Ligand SMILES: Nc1nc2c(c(=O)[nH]1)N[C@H]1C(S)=C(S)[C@@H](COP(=O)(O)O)O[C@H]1N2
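Just the one chain here, the form predicted alone, laid out as structure tokens.
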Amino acid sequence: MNFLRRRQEEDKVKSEGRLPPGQSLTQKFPVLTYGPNPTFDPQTWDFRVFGEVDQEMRWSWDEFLKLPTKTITTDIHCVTRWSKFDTVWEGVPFVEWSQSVGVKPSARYVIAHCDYGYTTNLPLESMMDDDVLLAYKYDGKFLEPDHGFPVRTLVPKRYFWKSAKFLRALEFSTVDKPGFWEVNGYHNDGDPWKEERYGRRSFF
């Protein structure tokens, strides 16, 4: 019966246009992380911005928590074929934050740098939607360690690996720099509505 209800719900949301092709709904929040969770120390943690900006900047944890925030409700889609609807996130809105750091006109790409050297990449224009956050709360609470505490990017219009966990820096770049999963066979753009799961495009 649960399976039947789930199929009926999936058929309903597909007819409403909310479920991308190849995806299935879940009520759970699956955990998919490459490597261990990093240790968080609020006294030493920092977040920085560098590259094509007017001035490189750095925030401590206390300073980061004082930045203006926004709460959104959105659907998320994982490349491993699960989707979760109506998730609630809070964090620093990327558009407003990027304006405050003085992004240069030469910037074309944003590279997320995370603990243990993990990176992922997106065109700057893909980050400029009003639902993109530097998120640190989920469902009204600070993120669980398994879901990227203390801070992750949230880019709902891309497969969820593009929402980088354990964020430590954002680099604005003139050139594209494929990250960990992108150089290992995942698609460079990761649009769930186009089923851009695997197969890198040419970068030259």
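In this text, residue numbers run from 1 along the sequence as written. If you're wondering where the values come from, they're calculated on a predicted model, not measured in any experiment.
In what follows, reference is made to the form predicted together with this ligand, a form of this protein that is not presented.
Asker: Considering 160, 136, 172, 47, which brings a non-hydrogen atom within 4.5 Å of this ligand in the model of the complex?
Answerer: Exactly one listed residue reaches within 4.5 Å, namely 160.
Asker: State the residue from 64, 142, 29, 40 whose non-hydrogen atoms include one within 4.5 Å of this ligand in the model of the complex.
Answerer: After the contact test, the surviving option is 29.
Asker: Evaluate residue 82 for contact with this ligand in the model of the complex, applying a 4.5 angstroms cut-off between non-hydrogen atoms, and reply yes or no.
Answerer: Because a heavy atom of residue 82 falls inside 4.5 Å of this ligand in the model of the complex, the answer is yes.
Asker: Is it the case that residue 60, even though its partner is missing from this view, gets within 4.5 Å of this ligand in the model of the complex, heavy atoms only?
Answerer: Residue 60: no, not in contact with this ligand in the model of the complex.
Asker: Flag residue 127 as yes or no: does it have a non-hydrogen atom within 4.5 angstroms of any non-hydrogen atom of this ligand in the model of the complex?
Answerer: Contact with this ligand, no.
Asker: Check residue 109 for me: does it contact this ligand in the model of the complex (non-hydrogen atoms, 4.5 angstroms)?
Answerer: Residue 109: no, not in contact with this ligand in the model of the complex.
Asker: Any chance all of 114, 146 and 164 sit within 4.5 Å of this ligand in the model of the complex, going by non-hydrogen atoms?
Answerer: Every residue of the candidate spot has a heavy atom within 4.5 Å of this ligand in the model of the complex.
Asker: Could you run down 116 to 130 and flag each residue that has a heavy atom within 4.5 Å of this ligand in the model of the complex?
Answerer: The stretch 116 to 130, when checked against this ligand in the model of the complex, contributes only 118 at the 4.5 Å heavy-atom cut-off.
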